[in-house]
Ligand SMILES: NC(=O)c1ccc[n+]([C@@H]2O[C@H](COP(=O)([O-])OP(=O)(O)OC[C@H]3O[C@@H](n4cnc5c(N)ncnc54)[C@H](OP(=O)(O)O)[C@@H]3O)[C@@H](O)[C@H]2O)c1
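Just one chain follows, in the form predicted alone, and it is written as structure tokens.
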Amino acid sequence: MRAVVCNEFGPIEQLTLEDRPDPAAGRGEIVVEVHAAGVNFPDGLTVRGEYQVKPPCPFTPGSEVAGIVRQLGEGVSRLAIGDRVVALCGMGGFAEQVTAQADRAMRLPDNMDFETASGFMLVYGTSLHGLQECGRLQAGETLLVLGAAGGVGLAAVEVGRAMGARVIAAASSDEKLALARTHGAELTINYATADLKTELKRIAPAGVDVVYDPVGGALTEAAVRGLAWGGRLLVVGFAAGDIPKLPLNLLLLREGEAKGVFWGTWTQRDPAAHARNVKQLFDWFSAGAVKPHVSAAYPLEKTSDALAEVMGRRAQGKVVVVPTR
């Protein structure tokens, strides 16, 4: 099979496309024929050696895939060969085949295609867990989403709307904000042309109840200054590249909270709750309450370009890799 390989940590342009042995399913595993793989910010960080987890080189990046089950390992009975699935593989997704733990794979709804599925689970799973379990978002509350046109940000806009919140989308261009509005944002802020703190005071004078922040950098403090009494900051990621230092008096004065969102580990620590969230997300998708936006699909040999689009914060919605010959 063909696979994208990182032989040493460094620029994503150093990734190579190589022939590798076909994988075999071990106990409790499946082999998935990959029809599409989601591209996520942590994938690029991992290639550059900047993520919390540093796999031994060489390795194939790519953490979520959609495709068809081709092998079952010993002890696997929940799935069958030929099933259409989305799988969280952790590593190895940018390839024609990949192994995954069977309990990390879910059958797809009949009306969900592979490209949509490959960019669905991580961003929507993170958003629902963040807003529901971590942020305790309630219907009627006000939600501010930073980076609202990226994969995880746009998912948070839709999930927040599905949960009954009033959603304010903040992004770096009018084009991105127009996309956020089509996915449920009620109000928008262009933080490239306007001051975020000033605009929040203008459009949400009572403050926002939850801030969903996958961006970090200078935006975090400005957003926290716009929190309502008892407001919650959700720390999702640092796409801006800088981990902010927050004056804690800002939380004290509002009885506010800062809460980290680490969905991947949470799914393993509370698999029953994760399963309930997956069912809720699939139900919302089938009902049309969430409509994933795949903005670009790259062939396997262009994986570096796909990662560059995501890492450069140019993506609107999800970017996926589609293995083709």
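All residue numbers are counted from 1 along the displayed sequence. Computed from a predicted model, the values in this text were never measured in an experiment.
There is also a form predicted together with this ligand; it is not shown, and the following applies to it.
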Every residue of Thr142, His183 and Val211 near this ligand in the predicted complex, heavy atom within 4.5 Å: no
Residue contact check: Val261 to this ligand in the predicted complex, 4.5 Å heavy atom: yes
Thr220: touches this ligand in the predicted complex, heavy atom cutoff 4.5 angstroms: no
Contact label in the predicted complex: Pro42 to this ligand, heavy atom within 4.5 Å: yes
This ligand contact in the predicted complex: Ser172, any heavy atom under 4.5 Å: yes
Answer option from Leu200, Val98, Leu122, Ala117, heavy atom within 4.5 Å of this ligand in the predicted complex: Leu122
Residue among Gly150, Gly92, Gly135, Gly226 with a heavy atom within 4.5 Å of this ligand in the predicted complex: Gly150
Stretch in contact in the predicted complex with this ligand, which is absent here, among 101-109, 68-76, 232-240, 203-211 (heavy atoms within 4.5 Å): 232-240
Partner contacts in the predicted complex for 1-35 (non-hydrogen atom within 4.5 angstroms of this ligand): none
